Every structure is written in C-alpha cells, then in structure tokens.
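The chain below stands alone and is given as structure tokens, in the form predicted on its own.
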Amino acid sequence: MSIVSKFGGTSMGDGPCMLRSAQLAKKQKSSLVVVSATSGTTNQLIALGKCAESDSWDKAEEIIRKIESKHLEIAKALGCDQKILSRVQSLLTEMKSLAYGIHLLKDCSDKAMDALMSFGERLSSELFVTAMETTYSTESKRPKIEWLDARKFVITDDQYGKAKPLTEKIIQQCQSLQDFKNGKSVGVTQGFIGGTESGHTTTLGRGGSDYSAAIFAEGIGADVLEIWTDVPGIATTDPRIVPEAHPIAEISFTEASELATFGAKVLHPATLLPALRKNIPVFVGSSFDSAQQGTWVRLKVTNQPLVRAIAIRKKQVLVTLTSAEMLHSHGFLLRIFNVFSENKVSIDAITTSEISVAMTLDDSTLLNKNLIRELGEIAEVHVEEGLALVSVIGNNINHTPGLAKNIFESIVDINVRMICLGASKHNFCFLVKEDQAELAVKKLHKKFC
C-alpha cells in the first residue's frame, strides 16, 4: 500500500516534534512525506520580505537571525551531519542574499515573495531527512531516505502568490516517483511550493501544504493520503469556540469540502480536489496523539446525518450592488461576474433581488481598489464590514422541511443579514455580525450536534 503523509507546521515545530513525526511516518509505512515549514517561519519570511522592502536592513537582519537560530537549533537537536548542515547553511545564505536584493531594489514583487517564502519548506525538509534517517537507523533493512525538490514535480502556472497546478504535467513528472511505492525508498519533499515550466519558484497560497500532499497523492496514484496536524481530526465545530465539539469519525468528500471552504481550519479548501479525482481516501489525525480516532474523508460514507458540523468564516464583508438596469434585463449578472473573474476574486455566497445583488467576500478583497472601482461603474456599491458567515453542514439540507425553522429558532436573538440556501444540499449558510457569530455557533451546535 502506498501512503502519502503530510505533516503540518506544529508537527515540524522543533527537534522532538520532527522525531515524533518521523516515527509516525515509519509506523504508517509512508511512501512519500510532505512537510510544511516549521511553525511560524512562513509568517517570519513574509515579514522579512516586507521589512527588507520598506524598512532598514537592521530590522530585516534581526528577522534573519531568528530564522537562522531556530533552524540551526533544530539541526543541533537532531544531530545533523555535516552534509545536511552545509545544505541548511547554504539555504540560509541564499535566503539572506535574496532578502538583501529586495532591500536594494526596494521592491518585493509577488515573484520575489514566493521565492522568499519557499525557504521555510526547503529548510524544514532538509532537517526532516535527518529525523527520518535517525528513526530508521536501527532497522537492518532500512529504506533509503531521499530528499525531493517539490518544484520539479508540482508544475504550476506563473500566478505568483497563488499558483495554479498544471495537473497533466504534474502526473507526467510524478511517473519517476513510482519506485517510492515499493518500500525501498522513502521520499521527503515540501508542501506549499511549486515551480513554473521555466523553473521559477511559486507558492500555492497559504495553507497550500495540504494541497501539495493531495497533488502528490494523485500524481503517484497513492492508496491513502494522510494529513497529520495538531488536532485529532475534523470536529463538529471549532473546539476553541465550543469545548464540547467532538471528532467526526467519517465524512464525505463533499461535506468536507463545504466545511473547509466555509471556515474549518483543519483542511485547506482545495486540498480534496486531487484526491477526489482519484477517489483516494484522506485520513486526518494528530501527530501529537496518533492513537486518537481521527477522521476519514471518503467519496461515500454510510452515516449521513442531516447536520454533520457547524462552520464559521470570520472577516467577511457584504458587497451589495444596486442598479435599476438589472430590472427585467439580461446580461447584468454576467457583467458583474466578469469583473470578479478579471480581478481573480472568488465569491462565497450570493443572493439577488429585482434590482440588487448581494455577495459575501473575504475582507482582504477590499484592498483590491480596482475591483471596487470597476463594480462602481456598473452599479451603486454598498459595503458592510465586520461580518461572519455561519454554515450548517450536512446532508439533504435543501430538501428537509422544518430545518430552517429550527435553525432560526435557535438563534432568535441574533440578527441575520443574509441567507443562502438551495444551491447545495450540504450547506445552509447565513451572515451575522462578527461579534455575534460565536454565540450563533454555540447555539446551533447545542441544538444539532
């Protein structure tokens, strides 16, 4: 059986964490291990890029020293040999040179930022090779641990910051990895990063390590994809909001996709797509307590409850477009969607009336002044901020009488700004003020979960 295992940032947090994760990879007989940057490193690299571009070099050097110190400390804890230490030092030198180049130019383009952010995963994967070799060192017939450059396999377009994987080319490149399925070798590679056909470094967007793992699983035709994180699987809601939230043993791909898209932090929203294409089951578990049940995500599941989980997506804005031209007119929505398409902005939920269209977006979208300007040329634009999208995820939701009544009776004292029901049988979502969102989640979880 071939298994692709992905370990997140907290699982890479320090030397002991890496060794624990390596022992788990050995126990699971992983064929290919995909790792994230050590926890907090990607944020530091983003800060480094911004600082190098706009502040004094002294401040940038301070961030560099923190990154260097952390990774050299892990290398020492793992007992890395001179070969690995040299590779780590070489990466740190390259990182510093790139940051200095950004400082001299006073320009941190998306392309430069992608190259800078790639050092997190490149460093952690080098260190993790040692953790894996240490873990297998007592085996008489131990596999060869091989470091693989994800940029040679995860081929993407050149949309820096959120590159799109080129599936057919990835599958072609991954043909050379078929030998890892026989147990003679174990590959260690990076999540989050890819490369263009011309060899430039790209990233898949924040949270993209899960996506990378699914891409590799599809590429080699794995039997199972494992996502190891710091929580024991997918829960009925965020345990930080509702302590009574409990793990879900099994969930369908469709439900999990809705849950991820509408706020669950365990999985990256796009993660499941490559696995779904190849019908590869996904296991989500805790690397800190692998004995816990965890969650299986499958194409089809036996148990299909009406309500599976409650999700919350904060930092939302409601954009309402109003125009009399919309009344009894065709093509108006097409013009609106074209604006979003050209600006590469996705819409989460949408409702329409005779002369208005209302849609929810991440609040970061407001930074795109061009989008707001172009929408203003079509209709009157009204923006409401400080909102959150609450979603009830389950099965047959749009064909169950009385469900809406029970939902709104549960949150009768909370004003609902917008409702979206009917587009999916797995999701009923509505918009509320962000300061009331967690209360809504608590009430709904108590009622349905």
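Computed from a prediction, not measured in an experiment: that's the story for all the values here. We number the residues from 1 along the sequence you see.
This protein has a second form, the form predicted in complex with aspartic acid, left out of what is shown; the following refers to that one.
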query	finding
Partner proximity in the model of the complex: R206 to aspartic acid, non-hydrogen atom cutoff 4.5 Å	yes
Residue contact check: S391 to aspartic acid in the model of the complex, 4.5 Å heavy atom	no
Aspartic acid contact at T42 in the model of the complex, heavy atom, 4.5 Å	yes
Partner contact for S36 in the model of the complex: aspartic acid, 4.5 angstroms, heavy atom	yes
In the model of the complex, segment of 91-99, 208-216, 313-321, 349-357 with a heavy atom within 4.5 Å of aspartic acid	208-216
Residues within 4.5 Å of aspartic acid in the model of the complex, restricted to 115-133 and counted by heavy atom	E121
